[in-house]
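In the form predicted on its own, a lone chain appears below as structure tokens.
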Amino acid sequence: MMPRDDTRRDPRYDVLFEPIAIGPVTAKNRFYQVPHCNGMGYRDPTALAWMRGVKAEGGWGVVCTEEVEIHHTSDIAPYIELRLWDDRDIPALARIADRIHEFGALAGIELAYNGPNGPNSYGREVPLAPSGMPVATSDYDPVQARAMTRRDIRDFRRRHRAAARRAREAGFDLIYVYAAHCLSVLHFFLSPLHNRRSDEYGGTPRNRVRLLEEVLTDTREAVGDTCAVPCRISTDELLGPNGLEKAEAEEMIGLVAELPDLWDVALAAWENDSQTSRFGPEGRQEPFIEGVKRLTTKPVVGVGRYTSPDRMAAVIRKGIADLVGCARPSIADPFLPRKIEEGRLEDIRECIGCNICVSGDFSMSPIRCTQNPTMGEEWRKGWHPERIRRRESDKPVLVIGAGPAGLEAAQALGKRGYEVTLAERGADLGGRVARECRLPGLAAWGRVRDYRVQQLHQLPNVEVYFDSGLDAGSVLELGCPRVVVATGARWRADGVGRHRPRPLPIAPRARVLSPDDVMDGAALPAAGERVVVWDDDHYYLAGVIAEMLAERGCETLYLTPASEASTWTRRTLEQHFIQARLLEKGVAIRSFTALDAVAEGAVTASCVFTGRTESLEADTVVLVTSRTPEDRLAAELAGRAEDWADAGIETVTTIGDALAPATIAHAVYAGRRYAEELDGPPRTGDEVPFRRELAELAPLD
């Protein structure tokens, strides 16, 4: 949707659009897309370039890469980041810088030597660290890093200088020295927890900051006076006196305060810096950023999952930072700066803080976003977050179901210019999003609904009908040429899931609830009742329900066949926060435990390894396992396919959870995909539906 002519920027936000010098370069505004991973890296450099370019088009003054490996002696395989190992990597990096420059933004590159954070699974080199230690990886790799000698330190400095020169040749304007997040060898030198050296690089803050000082000096000499040199640093590891704390970090910043051209301030580790909205509010990092500006004359940037223009402007006015750093908000809405500038605040896709974007990096797959289904598809499929091609026929579309898939399909089709009827059987829009956002900690998820409802209000060619439960006969009577079935799914109450693909034995008088029952508020357990929550879904919902029941005063037992609560949320950086929250609420967690049967007042559980069984008291059992598609209408319509032509129906397409239940991000993507592909070239289903890059074969010796 293009900007309207009658809007303009609110003067309250003028401060966000003031240019600012960063060393020898100048950012056109205060919107700074800090480095963030994306699961594409060296495998998909053109897709990555287009993704960054769309952000530059959207008005970000600075757009940075993710961490970029600088040398083959420190790789973080299997994770897919960018590489700048030698000159052969320059063209891929240059394509990214060129695309960012095409839209008038500064291009930043984050050079990274991971050290003990990288097991070197690809290069099979021995990892390096300040002190000998097991590698600090999330997969508990059975590898140790050796302590760096003085020669290793000299080699590292030389390799960093060489990478900085290559980055300059590739066309980057800001060339980072990375010392943050427990993801950089420089961070490990700064941390008293990891640096146990007794030479001039260990011990006191003055000594531990020495290598950072040297690398900052080296980088400035390598890039000359044409590129800025930012430093990304963590001000707290949140480990108390055992780790790096704010006061000591500020002491070290003060010792090298004027060396970088910009300070990019973060928390360590990554999961602390990128907490989900369930555990961290907007601006959570501000107390850890405050104070840095008084140590230096150089500009400061920090993040806080900022989605509110008022909060962004306050960050600048209060002197907390000079630029507003964003990663996840820039993913949810690459055009956030332009929308503020054009006075279109109602069109902003606010980040919901679910971290589904992070899961792309952890699964080595292209980034995706719950709010922005075009994320990662800008080059692969030619999708754009703000533009979509005009309709190619006058045939109207009937969308049945106003959950995340139906809402996205309706608003995207409406923007294409189709006449759209959206039929919702209930009295509210949003489907599962409207229900789940009422659960503890998930309020921000309602933004998925709110953004799309706001867009529908602006589209006169989309009509919404409530209390419209349609059957096959009524759909045929309406005679709409294109029918989209987006009727969602319901949680099962029979225990069928991953661990047990057949229904559980459940006694007739046993009290069993599904997540839908819980969200409906139907006969919830009272305080003091014994409740077993069986999690065979392994994402967030079982943990949320267990937390809610514990808050009601229930004696709550959480059973899972996995090793921990909500185990898939390792990929969204929140598993240990979930586990801690449950334990703090008094929820008992039993891992590696299977639910075998439900009786009245008790359940039978067993060890997943030995099969040894036990009986556990339970007044109520909540089964969080899997969902059944609400596909009755789709099946009825398929059964009457011979009547379609007479009714004027050409196609019936099932999308989202009604086709196969998955995440909210999958549902939103399904809605967008239908809208993008309608009236497009016919496909057989055998051709690859997106562009990809293929590795060039090396010449044989």
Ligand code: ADP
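We number the residues from 1 along the sequence you see. Computed from a predicted structure; not experimentally measured.
Separately, the form predicted in complex with the named molecule exists; it is not shown, and the next lines address it.
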Stretch from 24-32, 42-50, 649-657, 57-65 whose residues place a heavy atom within 4.5 Å of the named molecule in the predicted complex: 649-657
Among the candidates Ser468, Ser393, Gln454, Asn461, the residue which, in the predicted complex, approaches the named molecule to within 4.5 Å (heavy atoms): Ser468
Proximity to the named molecule in the predicted complex, single hit among Gly488, Pro119, Pro561, Pro366 (heavy atom within 4.5 Å): Gly488
Arg432: touches the named molecule in the predicted complex, heavy atom cutoff 4.5 angstroms: yes
Ile70 within 4.5 Å of the named molecule in the predicted complex, heavy atoms: no
Interface membership of Gly528, the named molecule in the predicted complex, 4.5 Å heavy atom rule: no
Non-hydrogen atom contact Leu267 with the named molecule in the predicted complex at 4.5 angstroms: no
In the predicted complex, residues of 382-412 near the named molecule [heavy atom within 4.5 Å]: Ile400, Gly401, Ala402, Gly403, Pro404, Ala405, Gly406
